[in-house]
Structure formats: structure tokens, C-alpha cells
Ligand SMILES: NC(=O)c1ccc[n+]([C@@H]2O[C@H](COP(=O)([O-])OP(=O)(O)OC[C@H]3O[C@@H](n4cnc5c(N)ncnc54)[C@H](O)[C@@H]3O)[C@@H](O)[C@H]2O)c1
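Shown below, as C-alpha cells, is a lone chain in the form predicted on its own; questions about how it binds or moves come after it.
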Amino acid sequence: MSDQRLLDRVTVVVGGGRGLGKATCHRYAREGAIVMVADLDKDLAEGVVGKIEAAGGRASAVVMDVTKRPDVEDLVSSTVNDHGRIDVMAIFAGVALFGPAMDCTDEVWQRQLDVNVTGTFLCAQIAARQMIKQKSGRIITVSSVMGQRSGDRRMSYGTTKGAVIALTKHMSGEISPHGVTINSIAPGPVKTELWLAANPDEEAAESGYLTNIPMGRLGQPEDIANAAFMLASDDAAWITGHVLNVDGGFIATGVRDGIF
């Protein structure tokens, strides 16, 4: 018996060219999945595919814009045409534009809504339509701990991630009776290219977080990939509408004074 727990499952990772999505592509491939690496950046997507194939895995690159319905429809239809089905849709595409709430521009607000909320909606809805026909499938959205609590300079970003959580919960009730689950991973601070771009003062940002993370470190992309694997696996067969915080205890922690 193979120990690859996603053997031959058809998985789509949107935003798979970098960061959390890239780590998830590699994890799915190691578990035997067929991986569609979907990204706006062709070179990044093809780079991930090349490394997966070099390691003996199966993957294809798809260039698409998550904010455009025709692109998402083409992604799903081409996946089904090539492989007959789509078993997992993991939606990692996102932008994080931090700044004071009083200085947030219409452009910053709209850009994050377009990618983080509308992009997630389009991928989830279009994938769900196919999965309902199959009577099976897993949709994984990516929200954030910032969609559940406040944070300085994170008003617009956190609002969009709160919307992703609401979308996940609302959609679960309609699609789960058809054998399709939808859950959200809410990462804490994970040191990726996106995190570094949003936190130019890396040392100060890391120090600020670590005082409130009981496990004493920032996350790694593999921490999130492990959660994405679990939600795609048979172990998550009876989990839907759930928000899984992967954050080293950040969301659960209140005042920490170091006195025991």
C-alpha cells in the first residue's frame, strides 16, 4: 500500500508560485497528488513545476488572474478536461497592504478586496459547481488571524480576511450536503516574501509578534502546508465551515507577563 495519502488526487493551488502556496504545492506533490500550480507569474509557476517534476512528482503550470472570472473558469475547465475531475481547490492568492486606517486610500482598499475577497469567491464558487457535480471535493480558503482580532496598520487587510472567514462559513452550509467541504486556514505571522514586504522593519515586526506567540517563533510556510494537507486528506472528511488557526497560539493568548 502506498503511503502517499493524496495519491492521484487532482489538486489546484491558486497562488502556488510562492510562499504558502508554493510550500503547499510541494507537500501535495510529495503525497502523490497531481498539482495544478496556478499563479499570475508564469516564471514562478513554472519554477515550482520544474522542482516538483525533478523530485518525481506530477504538476502543471497555469497562468491566471484570480480576480477575473474567465481565468478561473478556464482553470477549472482545463483541469477537468485534462484529469476528469478536481478534488482540491486551495486558494492562497492574496495581497497584504498595511498602513494606518486613516491613511487607507481607495486604491489600497479596492485592491485587497479584489484579490483577497473576490478572488477567493470566484475560485470557491467555480470549483464548487464542478465538485457538486462530482458529489465530492475539498475547498480550502486562506484567511488570517487578523480577520479575527485587531492589529495596528492592518484595518483594510484584516477586513478582507474577516470577509473570507464569513464566505467560508456561509458557503459551507450550501455545498456540504453535496459532499463538498470548505474550510479556512488562518495563518499567524509566517515569514514569507509577502510578510517581509508588508513589514519593512523586519526586526521590530518580529519582536512585536513574538511577545504574543507562546510557542516562541514565527511560522514557516511548511506549517501552513501541513494544515492544507490535513484539510485535503481523508482525516478531514467530517470537517466543514471551520477556521483552523495555525499561529503558535497567537490568537488564543491574552496578557503574558512571564510570571509563573
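Predicted, not measured: the structure shown is a model, and the values here were computed from it. One rule holds for the numbers: they count along the sequence shown, beginning at 1.
There is also a form predicted in complex with this ligand; it is not shown, and the following applies to it.
By the 4.5 Å heavy atom rule, the three marked residues I132, I182 and F229 all fail to count as contacting this ligand in the predicted bound form. The closest heavy atom approach of R111 to this ligand in the predicted bound form falls within 4.5 Å. In the predicted bound form, this ligand stays beyond 4.5 Å of every heavy atom belonging to H242.
Contact annotation: M89 falls outside 4.5 Å of this ligand in the predicted bound form, judged by heavy atom distances. Within 4.5 Å of some heavy atom of this ligand in the predicted bound form lies at least one heavy atom of L40. With the partner left out here, this ligand still marks one of 230-238, 192-200, 24-32, 52-60 in the predicted bound form; by a 4.5 Å heavy atom cut-off that stretch is 192-200.
Out of the listed residues E46, D65, E206, E222, D65 is the one that sits within 4.5 Å of this ligand in the predicted bound form by at least one heavy atom. For the options V76, I175, V115, L122, the residue carrying a heavy atom within 4.5 angstroms of this ligand in the predicted bound form is V115. Contact residues in stretch 5-39 (any heavy atom within 4.5 Å of this ligand, taken in the predicted bound form) are G15, G17, R18, G19, L20, G21, D39.
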